[in-house]
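Given next, in structure tokens, is a single chain: the form predicted on its own.
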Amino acid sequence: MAALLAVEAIETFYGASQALFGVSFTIAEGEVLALLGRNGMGKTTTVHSILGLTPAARGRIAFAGVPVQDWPSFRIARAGIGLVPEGRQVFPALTVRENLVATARRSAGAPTEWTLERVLGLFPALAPRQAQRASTLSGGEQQMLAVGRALMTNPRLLILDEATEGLAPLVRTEIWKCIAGLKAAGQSLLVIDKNLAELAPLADRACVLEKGRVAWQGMPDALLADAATRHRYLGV
């Protein structure tokens, strides 16, 4: 069976500067892939290439068996790829409710249907704040809102780019519980995060980037147990 997402030897540039060098990996339906690497190694560029925000100059990206590397970003999103971006990027002038319903849509092939009520059930802290502007929320609440907004698109594949970065420990725990629940529900996930210890039990496979190249792929537990490899590719 074809992978839900297939990234094949993509090369991406910023002007004359090359950022990705032949990056390849796949994500199966219902699988969780951890995309790891130190800062500046190409993780977010890879995500932006998948979404058409920074299109790959060479290589192939297929979603549900259909090549999408030449599609505009809005068409890729409509095909069923949702993003929780680094830095949250909620709509600050809109209320919590408006942020959520603004992106709501149905997506053929999504494992479950997300509604406003279901998102508020997942993040009960947002329920009494529906009429508040997003700019007045705490950082943790904004991250919950960013995750909920992406879920309201009912994606077949959800990408989380540093979803726990900069959050208080209790909020990080809530986000990890959310990711575990999404996995249990059959949601396909691409997760970028620095916390390998928290991510390893949730991910089915891991892919490590080093200077825009795939340096390591395998089982997360194997990476967690290999101190030398962790230090080489993830140490600071």
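If you're wondering where the values come from, they're calculated on a predicted model, not measured in any experiment. Numbers for residues come from their place in the sequence shown, where the first is 1.
Beyond the structure shown, there is the form predicted together with a small molecule, which is absent from this document and is the topic of what follows.
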Ok, Pro67, Gly40, Gly181, Pro201: which has a heavy atom sitting within 4.5 Å of the small molecule in the model of the complex? Gly40
Assert contact_stretch over 182-190, 166-174, 56-64, 32-40 against the small molecule in the model of the complex, heavy atom within 4.5 Å, equals 32-40
Considering non-hydrogen atoms and a 4.5 Å limit, does the small molecule approach Arg205 in the model of the complex? no
How about Val23 - does it come within 4.5 Å of the small molecule in the model of the complex, if we only consider non-hydrogen atoms? no
Quick one: is Glu86 in contact with the small molecule in the model of the complex, heavy atoms, 4.5 Å cut-off? yes
Ala19, heavy atom within 4.5 angstroms of the small molecule in the model of the complex: yes
